[in-house]
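Quick heads-up: it's one chain on its own, the form predicted alone, in structure tokens.
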């Protein structure tokens, strides 16, 4: 298929653009419309007006309203509802061109072939300083997980020694960051020599409840035959064989057997999986039980947290998992990921309604159920974090297929407990590890967004990642000085996960990305965000590193509507930008004054020493 076959009118003059967000008080701009294979462009060719550059992938819904004159279509209004929540309209005066433009945009925004999307054609005009596709390699991230070294590529004054040993041969010591063999051969084991606490180094075994449980990198899924949604490189208990992993995968929905997600500084481990399959005649799997019992180590009990809700999903039987306590923490009354998108759609519909009264608007906001999903997600995450941090017990989190609510909870737990995940690179590493490499189906979930009618969306559509970002925003509002990044980074992640020139969020799994050679044919979003000039715009001026656990309030009154995202095309956000600019100026001025004060103190000390010397010499004479 050629793009030219889909573009019936590549250029059209005299198009009226209605875009209240940037077109001034009149809300309209007359210009020339151009349609390319990946973009819709509109330019008024005036210095005072902004140009419109819109990726076709950003278009969620195309609505047509023809204008009739004596029962003849003489043009009409094409309304584009976008995945970035913007709504713009194109007014066209010719009937034929009206239908041509609408048909072209509908076809170009509905392209199914991934290889025809813009990331495969985009070539950056800047030099790549860091390859984002190799920045967070699973082997290195897993080694940091076990050792307790800060993840996300952050430098640490303490470098952990990781022992990589063959099952029946000698051991050799590896320094994290000094070049881990890539890929690690199947069967290698990882033992962290922790001296107690995060980043500790020393002799001896792991401290805490997981002291008896060693871990290893396995490539049993290198051809993605064991689990189609997992990555090729995973970390499992050392004593578990690959044969047992295969049996456990057959017992779990979609083959998502328990894997390590996070190791807390006290040694307690967080694992994730899918629910057990409902197969008649099969009620247990000894290999699956063996994995969890090894993780249990010296702990008397562990916790299995079901995020899908009691009665909705299968769970482990008490008889065969007697040391594991079952905890139900549903994120909401949802039957599928599409239900989360339904709630998000009702939220945005309420946000875009400027005509209703305050009471009615608040009622619609509540009935959308979105803030309840946010609250329940935070609540479930706090429960898991408490089990790890205060009980010192291992936790297994699963929902239905382990692709949505499970990932929200395991990710938020790490942000609450691990200060590294509150940094720019730490958040990038978390998303890479817990979402992209973990097999969250971004392509399927974000194929449609909130503006596509409910009856038109696929059942695989969802807004799980948006819900996760909103939860981070809630943590940010309660702990504004504990995050290195500003909310602008969260908004960028929201946008690029739906439409992008970068390949980071393409496809549904690592298997699909490998089949399309995404890592060699596209550019990584992380390569762009970590450029010094870009990174500077994403930093939080109030950031003060906080190594403590952050326990958020989960009272409903503590939640805030994320107006910077949901209302940014409805309410003028320039005042917020002005406030942030003023804060940045104040922080910069404070740093300058601190530097000046230190310099003056030094000068005063030197002058004092000179006076003392002169007085001493005067007394001697």
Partner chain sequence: MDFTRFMNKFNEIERQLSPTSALRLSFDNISPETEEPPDGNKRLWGVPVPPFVSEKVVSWIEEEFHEAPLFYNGNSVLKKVENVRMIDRYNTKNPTVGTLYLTATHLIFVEPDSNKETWILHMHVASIEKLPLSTTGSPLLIRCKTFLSVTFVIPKDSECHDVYTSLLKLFQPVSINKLYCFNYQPNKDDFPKNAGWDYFKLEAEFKHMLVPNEAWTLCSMNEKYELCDTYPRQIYVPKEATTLMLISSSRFRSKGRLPALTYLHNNKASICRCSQPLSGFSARCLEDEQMLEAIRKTNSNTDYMYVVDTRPRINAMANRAAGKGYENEAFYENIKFHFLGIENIHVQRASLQKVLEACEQKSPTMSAFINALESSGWLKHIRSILDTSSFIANAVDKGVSVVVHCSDGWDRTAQVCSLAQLMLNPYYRTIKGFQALIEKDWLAFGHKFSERCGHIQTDAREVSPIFTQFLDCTWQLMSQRSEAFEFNERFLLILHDHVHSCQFGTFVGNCEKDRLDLKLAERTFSLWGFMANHLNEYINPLYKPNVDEAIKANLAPQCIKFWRGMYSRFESGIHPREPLGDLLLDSKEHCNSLEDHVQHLTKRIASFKNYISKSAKKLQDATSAPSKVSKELSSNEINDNKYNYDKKLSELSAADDDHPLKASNMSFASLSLSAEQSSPPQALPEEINSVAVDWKPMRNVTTCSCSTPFDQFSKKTHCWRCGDIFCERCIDKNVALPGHDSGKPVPVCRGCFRQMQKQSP
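Throughout, rigid core stands for the largest set of C-alpha atoms superposing within 1.5 Å between the two forms. What you are looking at is a predicted structure, and each value in this text was computed from that prediction instead of being measured. Positions refer to the first chain, counted from 1.
The following text describes the form predicted together with its partner chain, which does not appear among the structures shown.
Contact with its partner chain in the predicted bound form, defined as a heavy atom within 4.5 Å, holds for exactly one of 456, 357, 520, 134, namely 357. With the partner removed from view, the residue among 582, 36, 69, 46 that has a non-hydrogen atom within 4.5 Å of its partner chain in the predicted bound form turns out to be 582. Using a 4.5 Å cutoff between non-hydrogen atoms, residue 601 counts as a contact of its partner chain in the predicted bound form.
Though the partner is left out of this view, residue 590 does reach within 4.5 Å of its partner chain in the predicted bound form, counting heavy atoms only. Mapping the unseen interface onto this chain, residue 610 counts among the residues with a heavy atom inside 4.5 Å of its partner chain in the predicted bound form. Although the partner is absent from this view, residue 482 contacts its partner chain in the predicted bound form, with a non-hydrogen atom inside 4.5 angstroms. In short, of 436-444, 75-83, 368-376, 111-119 it is 368-376 that has heavy atoms within 4.5 Å of its partner chain in the predicted bound form. Within 4.5 angstroms of its partner chain in the predicted bound form, the stretch 540-569 places a non-hydrogen atom from each of 542, 544, 545, 546, 548, 551, 552, 553, 555, 556, 557, 558, 559, 560, 567, taken in sequence order. Annotation: Cα of residue 601 displaced by at least 2 Å between the shown form and the other one, core superposition. Annotation for residue 13: C-alpha shift under 2 angstroms between the shown form and the other one, rigid core superposed.
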